[in-house]
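Only one chain is included here, represented as structure tokens and corresponding to the form predicted on its own.
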């Protein structure tokens, strides 16, 4: 089955009000080409599930989010996501603010079609206070321990960005940051990938491939080519974070959002965006983050 599509095809599969899972982690490997195209549509009222970065910030400033389920929102080397902060302080959307591990458990519960997974995480913090809908359960065994019942987080559609993919939906994340993309895809009714390059299946024949292919192809509905599609976040080992652009983007939260959209989003396809931020050579030269 040939699953190659365009980002516009992914957008056509969405409806306002859906629950949208966004892959990547903070300032790393976010599907930003998809996010910028989503900003151009009339789609809105999404419940967004994300280990957030500028994906969340852009969707927040564009008024696309009805509810945000998140463990954090950060751009790593630019620690405060200014657009998220402004929207959060304004009460622009509902939130479920939870621990990073609780978010992962919610995804795993949804992936296993379970109503919840038990955990000790959440006690001795304000997580349960600020999320009264999260319940506790008592162990049915001799210990009788009270545990947090982290509810499943089912997703309608998830979108992740990968280093390489083939037409069948096989994909590879070559950097050191695969983190939770596989669980965002498993928790979803369907998943889409944007990819730096499209390759033949033979490209995955080397022995290390299996260690870098966490997303099962059976989960993938479509694969869209989007070179430099994670910019301004990193996509190791190809390119690092564009800190200068992130700072410009952050500054736009203070009254210059329309100007930012006009320069980088409205009327710009991916090629035009890449040219506007300095071109392919400039992105290739961005140093990889060291943590």
Partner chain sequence: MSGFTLAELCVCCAAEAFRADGEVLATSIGLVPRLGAGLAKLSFAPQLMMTDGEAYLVSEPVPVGPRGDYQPKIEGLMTYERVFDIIYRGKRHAMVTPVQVDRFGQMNISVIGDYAKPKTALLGVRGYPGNTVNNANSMFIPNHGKRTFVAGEVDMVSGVGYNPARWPGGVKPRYLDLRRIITNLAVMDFQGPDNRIRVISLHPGVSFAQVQDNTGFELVAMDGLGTTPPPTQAQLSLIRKRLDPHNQRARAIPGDPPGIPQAGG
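Numbering follows the first chain given and starts at 1. Only a predicted model underlies this, so the values are computations on that prediction, with no experimental measurement involved.
Below: the form predicted together with the partner chain, not depicted.
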Heavy atoms within 4.5 Å of the partner chain in the model of the complex: does residue 290 have any? yes
Residue 120: heavy atom within 4.5 Å of the partner chain in the model of the complex? yes
Contact of residue 163 with the partner chain in the model of the complex (heavy atom, 4.5 Å): no
Given that the partner is absent here, does residue 89 sit within 4.5 Å of the partner chain in the model of the complex, heavy atoms only? yes
Selected contact from 209, 138, 130, 168, since only one has a non-hydrogen atom within 4.5 angstroms of the partner chain in the model of the complex: 130
With the partner chain left out here, work out from 21 to 29, 264 to 272, 6 to 14, 277 to 285 which stretch has heavy atoms within 4.5 Å of it in the model of the complex. 21 to 29
Any residue of 164 to 184 with a heavy atom within 4.5 Å of the partner chain in the model of the complex counts; write them all down in order. 176, 177, 178, 179, 180, 183
